[in-house]
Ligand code: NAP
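Next up: just one chain, as structure tokens, the form predicted alone.
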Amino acid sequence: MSKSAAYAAAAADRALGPITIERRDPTPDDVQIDILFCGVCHSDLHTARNEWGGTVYPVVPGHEIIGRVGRVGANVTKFRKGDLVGVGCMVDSCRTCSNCKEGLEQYCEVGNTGTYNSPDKHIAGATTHGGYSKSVTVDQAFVLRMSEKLDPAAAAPLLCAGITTWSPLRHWKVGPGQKVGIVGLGGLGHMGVKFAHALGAKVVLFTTSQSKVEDAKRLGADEVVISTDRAQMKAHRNSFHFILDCVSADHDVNAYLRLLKRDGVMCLVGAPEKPMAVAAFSLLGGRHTLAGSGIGGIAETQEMLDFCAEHGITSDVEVIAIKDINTAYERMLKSDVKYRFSIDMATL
């Protein structure tokens, strides 16, 4: 075991602060990573404040990790010391269920091992700790290769915000000749716009804020619709092949379902706190599908990272020092960031 500096929440009502944690020494299949940057996800805040329940304290959040390989185990063939690598939302799975065998570890039937706040398979009675730390040790099967072409601070959020939006766009084969809607321009939505544009679709961004119109177009949107304007919404009835809903606040999904073409799909990646009310005729009238999507498997995540390197795609980030993480959480609640925070772990 080795010690690592980290930042943790000691309780749901406590600010995050410095802590020293233990990391396992690399097993033969492990990669030890010296962390350079870690993106800040809304899931980090939910977990730190126990808003989803089940948080084990102290908890070290962070599952958008970029770093360099410090050590490798004897069986590691994919990576060597000095490589730039990434770790996303999971660090293990059962690897034997049908989903895992298909490369869909995110849907592991036993339950994948989260990068933080999951039972640690390697340390009895312990829970995993995330990327708000100096180092992390991860099985090579769950480590991603990062391109040196990409700014590591801006690439970190690709490990969650990126793959969360990439996976449904790829699954429903978004591409040229399709009209695609992205609902919400935040950490997820801005990546959805970038990816849908790069995949060749016509991209329409839905927002409640007039102030986001120009930024959406800068990111790749062909058109921006103010969703509170009934006339603008009505003009797009029965016209979308696919809509990606990235909003986590309460909102009316029926308003968007009515915009789908026959057999169109609307996929949720945001997670509103309250259950949604879906009117039957929003689905029946056009044989519409309302779906959901989790993150992505390891192979799919690597595909996304390679695509980003080829097309020069990263997240728009504001780099912060670790001491500012509590302020960043409060700003995130106010949507006061364009569009993701990335922690410079050299400040720890």
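Each residue number is its position in the shown sequence, starting from 1. Computed from a prediction, not measured in an experiment: that's the story for all the values here.
One more form of this protein should be noted, the form predicted in complex with the named molecule, which is absent from this view; the next part is about it.
- Query: So in the predicted complex, does any heavy atom of residue 207 sit within 4.5 Å of the named molecule?
  - Reply: Flag for residue 207 set to yes.
**Report entry** residue 281, heavy atom within 4.5 angstroms of the named molecule in the predicted complex
**Finding:** Close contact is absent here: in the predicted complex, residue 281 is far from the named molecule, nothing within 4.5 Å, heavy atoms only.
Wondering, does residue 270 line up within 4.5 Å of the named molecule in the predicted complex on heavy atoms? Residue 270: contacts the named molecule in the predicted complex.
Q: Check whether residue 335 has any heavy atom within 4.5 Å of a heavy atom of the named molecule in the predicted complex, and answer yes or no.
A: Heavy-atom contact with the named molecule at 4.5 Å: present for residue 335.
* in the predicted complex, segment of 72-80, 193-201, 150-158, 271-279 with a heavy atom within 4.5 Å of the named molecule -> Partner-contacting stretch among the options: 271-279.
ask   = Within 4.5 Å of the named molecule in the predicted complex: all of 164, 247 and 294, by heavy atom?
value = Yes, all three are in contact.
| field | in the predicted complex, the one of 212, 170, 179, 258 near the named molecule [non-hydrogen atom within 4.5 angstroms] | value | Checked against the cut-off, the match is 212.
95, 251, 122, 217: which sits within 4.5 Å of the named molecule in the predicted complex by any heavy atom?
By the 4.5 Å heavy-atom cutoff, the listed residue in contact is 251.
With the named molecule taken in the predicted complex, which residues across 45-72 come within 4.5 angstroms through any non-hydrogen atom? Counting only heavy atoms within 4.5 Å of the named molecule in the predicted complex, the contacting residues of 45-72 are 46, 52.
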